[in-house]
Structure formats: C-alpha cells, structure tokens
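Next up is one chain by itself, shown in structure tokens, the form predicted alone.
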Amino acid sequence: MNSKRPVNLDLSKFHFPLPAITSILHRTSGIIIFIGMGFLLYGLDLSLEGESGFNAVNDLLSSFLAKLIIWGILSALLYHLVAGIKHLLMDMGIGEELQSGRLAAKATVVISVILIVLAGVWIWQ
C-alpha cells in the first residue's frame, strides 16, 4: 500500500485557475438552462391554453420569485453564450496558449457580468 497517497481530500484546499472555473461554470450553466427550460415550457403551455392561463402566467411573472428565477435562467443563458463563443474561438486556434487562455477567461467573466447586470436591469424595470 502506498502511504504517500492522500487519505481524504479537502476540496477547500485546492486552488483552481480561472480558466478551470470558467469551464466548470460553463457546464453548470448548461445544466441550469436545461432544467430551466422545463419551467419556461410549462409557462408557455399554460399561457397558450387560453385567456385564463395567459392571465395566470402574467400574474405569476410579476412576482419577485418568478423574476428572480427568470433572471437566473437568463443569466445562465448569457454566461453559457459568452463561454461558448470563447470555446468556439479556441476551437479555431485562437486563445489556446496559457496567457491568452487566462485573458479569455477574464474576458468571459467580465462580459458575462456586464450582460447579466443589464439583464437584471431589464427584468426589474
């Protein structure tokens, strides 16, 4: 038995580089979008049933919790879009080096935060 192997791993001790964090968030945002689409499709189905269903969805969407959920789904979609564009550029050979990868990760975070804040302003106007 190899005694140099760690017995238990404390994940809080690990330091992940920003490109790794953006990659993990890209996958997480995809899962959030997938789950969120179920709620959005249910709301669409309910609103298309008739006038009463449309009014029910309209009333629901005016609540704080519904706006928060919509903002969360939209935030995941915006982040996923920006990170996806970064990955497409990397697939074309742009930003594959270490320094440019770090710069692209920083740009992904900055652009995503700006878009997410703008989406929040749009939702809560």
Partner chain sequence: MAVSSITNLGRSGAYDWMVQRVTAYVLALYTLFLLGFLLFTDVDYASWGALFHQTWFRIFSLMALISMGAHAWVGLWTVTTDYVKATAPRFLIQALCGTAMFVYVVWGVQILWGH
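Numbering follows the first chain given and starts at 1. What you see is a predicted model; the values in this text were computed from it and never measured. Rigid core: the largest C-alpha set superposing within 1.5 Å between the two forms.
There is also a form predicted in complex with its partner chain; it is not shown, and the following applies to it.
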| said: Considering non-hydrogen atoms and a 4.5 Å limit, which listed residue (Leu68, Leu44, Ile94, Ala56) is close to its partner chain in the predicted bound form? | reply: Leu44
| message | If we define contact as a non-hydrogen atom of the residue within 4.5 angstroms of the partner, is Gly72 a contact of its partner chain in the predicted bound form? | response | no
| said: Quick check on Leu60: any heavy atom within 4.5 Å of its partner chain in the predicted bound form? | reply: no
| message | Please determine whether Trp122 contacts its partner chain in the predicted bound form, using a 4.5 Å cut-off between heavy atoms. | response | yes
| Judged by heavy atom distances of 4.5 Å or less, which residues of 99-115 approach its partner chain in the predicted bound form? | none
| request: Examine Leu46 after superposing the rigid core and state whether its CA is displaced by 2 Å or more between this form and the one not shown. | output: yes
